[in-house]
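Presented as structure tokens, the chain that follows is alone, the form predicted on its own.
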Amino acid sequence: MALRLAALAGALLAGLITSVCVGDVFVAPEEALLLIAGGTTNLPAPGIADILTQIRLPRTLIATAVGAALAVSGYILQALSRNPLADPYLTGVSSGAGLAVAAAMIIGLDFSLMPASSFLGGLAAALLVAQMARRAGGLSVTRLILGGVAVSAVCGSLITLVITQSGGAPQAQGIIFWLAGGIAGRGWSDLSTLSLYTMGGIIATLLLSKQIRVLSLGDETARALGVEVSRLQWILLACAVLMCGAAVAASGLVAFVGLIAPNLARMLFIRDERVEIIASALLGAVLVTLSDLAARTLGQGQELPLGTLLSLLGGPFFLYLISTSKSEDA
């Protein structure tokens, strides 16, 4: 188990170094590390020092944080619903955030306020779904799923309406580009807020790991063992929403990370919640970091949408999970 976790950490470190070094101008890993550490080095082109420290490095760290946040959010929602097909978008966070950003673009809100708009929109959607799922003994899983589908459908329709009524091609293109997902243009200021919510959410989830294990046995069993089920469900849902909302604010709509990473973590490790949470965060970070690297290097002169690349990976994985589930139920 320890070796597998070490291998995941090593894969993440390799992905971070590769992402920082690879681009229009390649920088040797030892030179990049020396520059980041504050040393002097012979760089291959003028201005590359600023590109490394002000563009590539913060972008890479943001991709890492986005992946970890979405992965642990997915783990929480799968634990709450006891459904391996759940992901952060189950709560309607992504659609609510997308609607808020689309509306903010239309009214001409300053771009620096877009992340805040995204976060508030996602939070409002998640709270609406949680309110619909509320019951006397806690949260109804069935209502949570159906509420998330309904809110996502309504917000998706409103986003389409906003785009068609935007009144100008540049505005519509800006909304569509953001909805496609991506980390281009993000910097150190975006990382500070994102990392705060991500680290806070992961630490809180780790502290609640024992209660999550008891909750997996069923609500009635958990209550019999002394767990306040309703309170625990609301705390876990709040952690998932905060992390996912912060991630969506930084990267736009990036799907399937919260589906892929937790399921892979459970495949690789035995039933140990703390290990699964850490592994989910590492796997999510690796997945988004490498996908963002591909998004900015594979396109010929134009960056590919991060959300589209991840959907190409997540779609087949989702179908695999469905087929596996059917075979197990037979």
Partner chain sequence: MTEKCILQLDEISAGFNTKAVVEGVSFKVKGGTIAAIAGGNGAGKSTLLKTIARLIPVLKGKISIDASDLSALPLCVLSKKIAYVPQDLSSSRDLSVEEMIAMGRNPHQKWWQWRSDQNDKLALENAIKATELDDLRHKAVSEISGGEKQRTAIAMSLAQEPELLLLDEPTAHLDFKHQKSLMQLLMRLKSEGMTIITCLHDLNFISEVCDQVVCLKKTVRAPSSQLFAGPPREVLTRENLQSAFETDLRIIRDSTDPDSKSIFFGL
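The shown structure was predicted, so the numbers you read here are calculated from the model rather than taken from an experiment. Positions refer to the first chain, counted from 1.
The same protein also exists as the form predicted in complex with the partner chain; that form is not shown, yet it is the one meant from here on.
The stretch in contact with the partner chain in the predicted bound form, judged by heavy atoms within 4.5 Å, is 208 to 216, chosen from 242 to 250, 182 to 190, 208 to 216, 150 to 158. Of the listed positions (50, 303, 272, 30), a single one reaches within 4.5 angstroms of the partner chain by any non-hydrogen atom in the predicted bound form, namely 272. Contact annotation: of the candidates 224, 146, 109, 196, the single residue with a non-hydrogen atom within 4.5 angstroms of the partner chain in the predicted bound form is 224. Interface residue remark: residue 296 is not counted as part of the site for the partner chain in the predicted bound form, having no heavy atom within 4.5 Å. Contact annotation for residue 266: at least one heavy atom lies within 4.5 Å of the partner chain in the predicted bound form.
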